[in-house]
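Okay, here we've got a single chain as structure tokens, the form predicted on its own, with questions on binding and movement later.
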């Protein structure tokens, strides 16, 4: 039986003045998969995630998340975990105070919340910082707070915008295991990243965006077959975004080969 589609976009368009952030984007996010969202800065990844969250309304097109329009039904966000690219945390609270506040707002069952929090805090190495003010934490530890907030209520959908930024390699590896665990229990995960090796290693499918359009889509191995010879995801990415010639010319110049 095909996996259920938990979120979909059809011909979604969004402009900011004369800038087309999204220009006819369509996609599906299915239960039990990790979908990698790749593209250079300005390709529309963050705008797409904000539309799926219901923070902004598209100019045209159709968006459905868990059977609802997320903009008109903000309650759907209670079933989504979200890590934004730009963190917005309460710097005057401690992580423990913030987690407890969110647990009360989400009406999490106390014993289940305590077990889940202990697992996440211990796994991500935040236990010794639970009583420090968030404003005093390093960028990496603030990222851990944001990740725990997104995973705490065991959401049906995870929307992650550059979630590994600031994490050291060991914590990033543990975070990937947490994503695998959530995927295996049916969570649908959209993972925006600039780190091509990460996308190639953990994503079940990838979408490459450029100038507001989807320029490549499919299982990682299928996207890598876009060319006749074997290529890395980095090479395919450069080709489909039109950056290959520009990048290789710079490399040649740096090597004194121009």
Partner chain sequence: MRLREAIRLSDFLYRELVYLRMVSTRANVDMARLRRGVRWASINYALVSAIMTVMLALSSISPLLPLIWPPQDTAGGVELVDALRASGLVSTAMLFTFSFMLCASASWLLQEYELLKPLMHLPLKHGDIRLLAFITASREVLPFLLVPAIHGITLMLVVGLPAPALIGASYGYASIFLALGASFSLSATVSRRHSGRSLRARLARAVSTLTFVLCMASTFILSQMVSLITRLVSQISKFIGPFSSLLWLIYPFSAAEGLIMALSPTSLIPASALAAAYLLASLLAFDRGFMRFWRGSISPIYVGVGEAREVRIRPPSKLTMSPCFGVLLKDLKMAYRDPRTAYMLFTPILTFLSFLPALIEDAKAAIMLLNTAFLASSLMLTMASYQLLVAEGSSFWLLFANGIRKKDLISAKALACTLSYAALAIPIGALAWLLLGPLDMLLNATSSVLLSFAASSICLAYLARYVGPETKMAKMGLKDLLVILLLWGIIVGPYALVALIIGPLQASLIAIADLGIALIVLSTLH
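Small disclaimer: the values here were computed from a predicted structure and weren't measured. Numbering follows the first chain given and starts at 1.
Only in words, not in the display: the form predicted together with its partner chain, which the text now covers.
- The partner is absent here, but in the predicted bound form a heavy atom of 96, alone among 173, 96, 139, 185, sits within 4.5 Å of its partner chain.
- For the options 124, 149, 165, 179, the residue carrying a heavy atom within 4.5 angstroms of its partner chain in the predicted bound form is 149.
- In the predicted bound form, its partner chain lies farther than 4.5 Å from every heavy atom of residue 30.
- When its partner chain is considered in the predicted bound form, residue 169 lies well away from it, no heavy atom lying within 4.5 Å.
- At a distance threshold of 4.5 angstroms between non-hydrogen atoms, residue 56 is in contact with its partner chain in the predicted bound form.
- In the predicted bound form, residue 92 approaches its partner chain with a heavy atom inside 4.5 Å.
- Residues 82, 84, 86, 88, 89, 90, 91, 92, 93, 94, 96, 97, 98, 100, 101, 102, 103, 104, 105, 106 are the members of 78-106 with a non-hydrogen atom no more than 4.5 angstroms from its partner chain in the predicted bound form.
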